[in-house]
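What follows is a single chain, given as structure tokens, in the form predicted on its own.
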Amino acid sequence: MLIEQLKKIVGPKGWSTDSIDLEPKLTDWRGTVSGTTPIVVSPATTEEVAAIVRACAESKVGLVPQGGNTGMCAGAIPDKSGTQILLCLARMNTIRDIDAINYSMEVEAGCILQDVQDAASDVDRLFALSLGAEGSCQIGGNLSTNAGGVNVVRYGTARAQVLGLEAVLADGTIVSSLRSLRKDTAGYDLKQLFIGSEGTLGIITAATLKLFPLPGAKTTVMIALQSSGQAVRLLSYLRSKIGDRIEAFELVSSFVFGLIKKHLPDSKQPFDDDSPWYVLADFAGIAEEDLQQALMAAMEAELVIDVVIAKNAAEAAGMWHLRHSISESERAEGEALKHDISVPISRFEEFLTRGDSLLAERFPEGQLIAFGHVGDGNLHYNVALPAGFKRHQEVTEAIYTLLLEVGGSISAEHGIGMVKRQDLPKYRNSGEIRLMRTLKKSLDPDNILNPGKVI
């Protein structure tokens, strides 16, 4: 029997059928998609992962890998059949090696992102990936969804942070390319097959990550703006003045800050008066007086209404706490349609302006909750709708249609998962979809790896 075989592979500490253990793993972070499983297995080694995959392949039973379960598209949740096995990678949390001279580190998939950051910092290095869930999300999940976060403007997405990878294929084969090389053109770059594939082509078990020098003194700034377009023009202006010193550049609407005030009444807002939009930015390795001059020049160019510069680490942490509290405040307000989208930076303002008109004309019941990483074109374009509203899919389709018109993408950093699976073929061209299906069929002919996700 498969269940008994899996128990034997992982040992007594590596499985559970207890409903108390299973419950938090069977519902997505948003609380909107749930599934069932007969067992959760938690391997401690790559070899155990491979043995689990082989056992599931022999029985042709679906296997759903799960990291910290912080995703927004239900990509790590089993279906409701009760047959799919849940594979939790949390026990594989060893930082295998740090090579400070080579600016690299080798980690297992279950490592918490913040632990990876801290380990790099301990040897005076930076692991640049940073996002709101970094205290609980796992590096395997970050890579399998090609996570973005706040530092993409300078360092790129998760894909750009990887030098090498170890993964298990659908037949249990271990593919290990944990090399720490910056240059390697010996054949296909196989690691890129698995990064962003959400566990549908192979299960990531370890990675060699790229490290950077510590960026030097960091200055956090909150900037009040009249329009979203000002944010785009301000970013371009500051880049021309201070180059790549911009580490993060986050856009937040006044309405979103209002939600934070409502649900976190003790939170400290940086401005006494409200403005329509705000940018929260981090600048690194630049003298504060040079930054002040650049911001003053931006104000004189009428790109900025007002500026607050954090005077110390506590004030900076307070500003970022506001940003990282958005998702919790939004969830406390009630269910909202979430659209994690990507827009060309030059068309950011156009999309938001046309989107405002679209919602006002066709869906006046909706309330826009907009925030995002304007430095890389990633916008969280969420719409709160009243109870009893029945046209959810119509709202999403209207937004995605507009998105296509401006050259955008329906997923920027949370992947496709279960939630957007039916949308993907509508908003990617047929050649891309055929190639995705060919890859899936070739690498996972029996569809056991995270079935029902992506494609």
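Since the model is a prediction, treat every value here as computed from it, not as a measurement. One-based numbering along the sequence shown.
Beyond the structure shown, there is the form predicted together with a small molecule, which is absent from this document and is the topic of what follows.
- With the small molecule omitted here, the record of contacts in the model of the complex names 408-416 of 408-416, 390-398, 33-41, 424-432, defined by a heavy atom within 4.5 Å.
- Proximity to the small molecule in the model of the complex, defined as a heavy atom within 4.5 Å, holds among L225, A316, L163, M72 only for M72.
- Comment: the small molecule is not present in this chain, but in the model of the complex one of K191, R125, K210, R323 has a heavy atom within 4.5 Å of it, namely R323.
- Although the partner is absent here, K338 lies within 4.5 Å of the small molecule in the model of the complex, judged by heavy atoms.
- Among residues of the shown chain, F371 is one whose heavy atoms approach the small molecule to within 4.5 Å in the model of the complex.
- At a distance threshold of 4.5 angstroms between non-hydrogen atoms, S104 is out of contact with the small molecule in the model of the complex.
- Mapping the unseen interface onto this chain, S327 counts among the residues with a heavy atom inside 4.5 Å of the small molecule in the model of the complex.
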